[in-house]
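Two forms, one chain: they're shown below as structure tokens, one block per form, named structure 1 and structure 2.
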Structure 1
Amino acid sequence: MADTVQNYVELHDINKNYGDFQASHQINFGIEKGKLVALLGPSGSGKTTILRMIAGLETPDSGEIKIDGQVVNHIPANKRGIGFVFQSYALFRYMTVYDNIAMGLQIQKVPKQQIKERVTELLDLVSLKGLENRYPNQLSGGQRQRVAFARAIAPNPQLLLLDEPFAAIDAKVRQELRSWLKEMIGKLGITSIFVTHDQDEAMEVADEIILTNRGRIEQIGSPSEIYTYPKTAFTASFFGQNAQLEGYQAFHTFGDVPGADKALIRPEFVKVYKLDEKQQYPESASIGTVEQISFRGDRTELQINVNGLLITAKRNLGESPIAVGEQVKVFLYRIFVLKGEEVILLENEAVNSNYFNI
């Protein structure tokens, strides 16, 4: 018999209200030890409330929160053994980098020599060696976030919580820190949960995504699973650059779904051809007019009007250029059809399922 997976963090039937507003409704999930999990969702979806309840900064109205098998609902935040990284860094501006990192250890009354050894180890780990005597205002945003990370893990917590840790950092540094954070947590093996509203960030960094919406969990899964196989209309529409269409039958060779409300088309579902380019399934192509072109570095992004429906497509730079106003052939490999909350993946009937593997 296979071993049962043991979850390090568990939430059972968690509910939380603020007056008439229900921030969390019947929240249930488990997180395996050592996993890096993203709480992802739009503003007001309840993700930060969940994080704060796990941290002990908020108390659920009902339900149980377990950490390492122990119910922690009534255990104070400072007794839960959790490291917390805030969006605003929350560094003490009058303390040096060294003292900021050492603070938690000093509160625990760890001997000075052990503090020195631990802080030195962490400075090296987060690539801040030589900056220990600087103050936060002498550091870049990325360096300040590394200090906040080092301070959070200094007391060796078994659980690390991060509240939108990259939100206050510019785009280039944010990209670098994503890779850095994933690498650091992998090295440390520490169970980690981070809140974000950025789908690209969650997809790149997390082992697993918990998608929230209006105080509920929409879907839980790996980045690949949740992107490729959405289970609800919200999940399908949240990820990717979707064009939402009514009347998908305007595109050729898709089966009819009785009662379908609308369809979602992602750019990777679309192939665009110039009129003089050879296409394998010409009978299934629609004619459209290019209304807008955006340069994206490694590709161009096209906005194409097909029978009054505007869709987004991508075209590689190595392909023949297309101009605004040009008529093109548009072929859809697949679409998501929405029937209430149900998501139905439709493949174009012109191709067999093995032809195009997204």
Structure 2
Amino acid sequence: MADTVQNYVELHDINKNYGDFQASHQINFGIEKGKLVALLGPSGSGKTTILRMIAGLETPDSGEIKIDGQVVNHIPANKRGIGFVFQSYALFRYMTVYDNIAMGLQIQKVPKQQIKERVTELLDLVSLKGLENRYPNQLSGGQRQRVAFARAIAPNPQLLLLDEPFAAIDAKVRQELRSWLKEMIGKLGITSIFVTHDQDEAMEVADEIILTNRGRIEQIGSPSEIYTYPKTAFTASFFGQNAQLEGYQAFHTFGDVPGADKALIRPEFVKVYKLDEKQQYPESASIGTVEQISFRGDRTELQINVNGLLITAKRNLGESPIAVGEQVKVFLYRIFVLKGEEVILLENEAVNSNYFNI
């Protein structure tokens, strides 16, 4: 990665072990000022450990953490000036909403009047006006989350860290909060890193995704980049609605990758035609039987059996309907061929005569 000066946060060769468990292995990345970055990965992949090391709540065994050009390894958490939003919010239960938000400023010994102005401004910002005298247990999950957010940004931190900020909130509110948080962070222009295990959340909210797996970084990139051009087998299988194909050679006009074991396919790679529908590349289609149809509102999802291999495909509502048991033509635009840790994007040769290795 380019070692540019304008990176606000930089991690160099970070390692962290808990006993025999390798939580972080050779972690390297940089984050530009003002960016909203997602640390994405399955649980136990070490994403929270990275976040906690940046915050100063954990110490790396080796490596360097730089914030704003300064090495912060030996600066304790309370001197780093970082805002942190905890997964469980960690609100002070014995303090009112007002006191929770004011805490950081009170510690800095900011004059009372100024604290009052700032807290009022924040209550307005997070739409919690009138609730300042409530205690956290008198608030809903979403409200608590917003208090935690206001508390974290009250002392004007240059960096905001959020640990699974939406995990404890029910699905409907979560959707609202996601867009709210993205908008809020954009408005404040504060460099932010949030941890999540939800790929949709990461793709929707983040400017950049850092994908972690088993203590290592798999890939860093923008959501569209990382989704469309996965560099590792793990990345390819983590994103999207993947189905594994054993023996992709059964499908027509794909090049051969020597030593490849399996392939991944996403529903958007598949195009389904009824037998009487016109098709661009007739020689490259295979014939399959529709086994199952599920209605998904804006589209239907088809499970198609092609020579014993199950393929998931989507079909828009506008297209002529297909019934269970019907024979259809199946055309694959592209597949991800996995070869060990490597992933090769294979385009159908009917579309593109050469495949390329990314």
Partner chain sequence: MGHLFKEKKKRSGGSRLSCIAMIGPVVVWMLLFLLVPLLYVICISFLSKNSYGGAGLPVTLQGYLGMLQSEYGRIFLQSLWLSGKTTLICLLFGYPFAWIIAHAPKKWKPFLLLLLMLPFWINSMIRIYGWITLLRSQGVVNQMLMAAGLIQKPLDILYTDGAVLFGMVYDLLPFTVLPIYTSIEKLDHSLVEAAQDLGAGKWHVFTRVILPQTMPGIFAGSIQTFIPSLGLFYISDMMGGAKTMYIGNLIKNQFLSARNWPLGAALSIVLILITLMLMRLYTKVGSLDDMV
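Numbers follow structure 1, counted from its first residue as 1. These figures come from a predicted structure and were not determined experimentally. Between two forms, the rigid core is defined as the largest C-alpha subset superposing within 1.5 Å.
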- If only one of the two is the form predicted on its own, which is it? 1
- Query: Do you see a C-alpha shift of 2 Å or more at Pro267 between structures 1 and 2, with the core held fixed?
  - Reply: no
- Message: How about Asp99 - superposed on the rigid core, does its CA move between structures 1 and 2 by 2 Å or more?
- Response: yes
- Message: For Leu188, does the CA position differ by 2 Å or more between structures 1 and 2 when the superposition is done on the rigid core?
- Response: no
- Message: Core superposed first, then measure: what is the displacement of the CA of Ser140 between structures 1 and 2, in Å?
- Response: 3.3
